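One chain comes next, on its own, written out as structure tokens in the form predicted alone.
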């Protein structure tokens, strides 16, 4: 059922007009899930939102054509005068958390038509997406987006900016010479091996999303700017972007089964960088990745910045909590606002904090000591007994994944 709403909240069921719509004589505003017949209009909306829509339109065309888990209702719409004016799409995925895999989604293609901005439609469609997730048992969304917008919606930055940069000249003949496994462009037959490597070596960090071994998941759409390389012995792979990191070859994802494969993969990437006239290999992978460790031993420079644009939004707390814990918040929960929530253990209140701060705690991005130091929780200071318990039950895993996987493939 669609909703017509006041003040652009989100949910399903009521019929009103927006406050601003009354003053301007606008028609009713409806927030609802898409239908198959909406797809052409959504496509036109995407074209109107982004000045250079190739990437966004590519995501829409590719996922709607290939993703078997994507349903029309996973695209949420604000509709006025029978035309979509704001949109947000959820790609259903299992998401890794410190408690293991939980049902979740990647949030993408969030936008509002230029002629309808400033009326709260963007916020309305995102709030509706989060409510829809909760109603379908999806616990957490991961995505990248504009901080000023999403921070106000209770979303929490959890993907740190991690870089390990190694000049190509530092990679001597031992790594780059003959006898090492060569790199080749991955083909569709490589998909099962790549999926296995990804699951074992990459998707072990909170915020990672599960990937199927079907070929379409591993197909690189925009080959002008991206390549997927695999070692000829299939013991390692890397996803690489060109022209996105200054003069370096940007490695956005990499996996190697062992030290030998890591040496072969890093050497192959150095050869590729040299072939393309690049001066360095830049690894946007966690510091404990075998390639990052090897690069550091060879003299690489590490850069680490706090998360800013990579977000998580919790829509159901239970799957993310250890036994005995619960979260108390408003009824119904106020999705799309950074309201205060209460963390309890066996019915006893432990602390109160903003939704975004608790999201960072349960996703393992910040420890209870970090939150206390930042003044993000009450009571402050937290009694040592409670603090010690929370340290053990919510260990920090920072730094972990620097980019929400999957979307960059498209």
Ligand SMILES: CC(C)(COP(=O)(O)OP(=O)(O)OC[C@H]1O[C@@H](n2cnc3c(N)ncnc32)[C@H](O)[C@@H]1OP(=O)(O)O)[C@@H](O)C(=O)NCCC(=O)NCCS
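These numbers come from a predicted model, not from an experiment. Positions refer to the first chain, counted from 1.
Here the subject shifts to the form predicted in complex with this ligand, a form of this protein not shown in this document.
Proximity of residue 322 to this ligand in the predicted bound form falls outside the 4.5 Å heavy atom cutoff. The shortest heavy atom separation between residue 111 and this ligand in the predicted bound form is within 4.5 Å.
A residue is said to contact a partner when one of its heavy atoms sits within 4.5 Å of a partner heavy atom; residue 49 meets this definition for this ligand in the predicted bound form. This ligand in the predicted bound form comes within 4.5 Å of a heavy atom belonging to residue 145. For a residue to qualify, one of its non-hydrogen atoms must sit within 4.5 Å of this ligand in the predicted bound form; none of 94, 96 and 103 qualifies. Between the options 119, 74, 127, 278, the residue in contact with this ligand in the predicted bound form by a heavy atom within 4.5 angstroms is 119. Only one of 163, 123, 252, 211 comes within 4.5 Å of this ligand in the predicted bound form through a heavy atom, and that residue is 123.
The stretch that touches this ligand in the predicted bound form, counting heavy atoms within 4.5 Å, is 147-155, out of 132-140, 147-155, 283-291, 217-225.
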